[in-house]
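Single chain ahead, written as structure tokens, the form predicted on its own.
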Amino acid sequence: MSYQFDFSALLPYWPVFLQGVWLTLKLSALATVFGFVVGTLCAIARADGPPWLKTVVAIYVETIRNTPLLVQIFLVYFGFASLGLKVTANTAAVAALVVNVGAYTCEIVRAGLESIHKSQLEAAECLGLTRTQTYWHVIVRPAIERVYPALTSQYVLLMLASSITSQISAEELTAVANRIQSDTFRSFETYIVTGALYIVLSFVVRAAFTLFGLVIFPRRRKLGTAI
């Protein structure tokens, strides 16, 4: 039994595919920005906060890391509705992704914070830097630079994981593909195209993070040139 591929049936749907790509990037970008802020603050709290705050953050991180993303999305989406808050599927999707990636970002950044040697703090104190200056220039910024590759990989995975938000009707790429295949009955071709688009998106997002890293961490650019 042979299968006849027919991609021509998908040609009229390219604008729809591109709309899904755009929303996927939009959801991912919002979740990345807010998730990074949440994760960094949690990492600082867990590394240098009072015991009760460390406990709260630890519970949050372990809860998120040990439950499926789909369950978290459902909890946020239906939880808002149960509380009488009317939010769109896209808003609920961003909120759930932020909560999820914030926990993973917390652990990645915390590893970076713990990699800063005590001697660097002593040097900052000798130079008369304030606590704020020390925390930013000596601890946080170098820590983020060290774990930047890991953060990049995590946020690429976040972009791919955004496909799960199609389960609450967020109109990202996978949701669009589901609708197209139900219209055309060309499921195999539809998901081949969808998979190819995700591969392209992964390379684009990774390249964007690489360029961004070269801008905000000039030393990485100098090291790369030297190598």
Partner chain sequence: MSLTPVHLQFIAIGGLWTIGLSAIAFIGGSIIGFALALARISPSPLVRRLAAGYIQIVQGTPLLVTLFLFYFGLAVIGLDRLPAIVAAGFGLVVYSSAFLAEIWRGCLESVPKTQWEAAECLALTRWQRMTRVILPQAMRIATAPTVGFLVQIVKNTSLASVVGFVELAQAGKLVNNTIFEPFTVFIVVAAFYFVICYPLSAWSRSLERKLNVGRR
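Numbering follows the first chain given and starts at 1. Note that the coordinates shown come from a computational prediction; the quantities given were computed from them, not determined experimentally.
What comes next is about the form predicted together with its partner chain, which does not appear here.
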| property | result |
| --- | --- |
| R65 within 4.5 Å of its partner chain in the predicted bound form, heavy atoms | yes |
| Distance check, S82 to its partner chain in the predicted bound form, heavy atom within 4.5 Å | yes |
| Partner contact for Y104 in the predicted bound form: its partner chain, 4.5 angstroms, heavy atom | yes |
| Its partner chain contact in the predicted bound form: P50, any heavy atom under 4.5 Å | no |
| Contact residue in the predicted bound form, from I164, V57, V176, L27 (heavy atom within 4.5 Å of its partner chain) | I164 |
| Heavy atom within 4.5 Å of its partner chain in the predicted bound form - the one residue of V87, L157, A150, A111 that qualifies | L157 |
| Within 181-198, the residues that have a heavy atom no more than 4.5 Å from its partner chain in the predicted bound form | Q181, S187, F188, Y191, I192, T194, G195, Y198 |
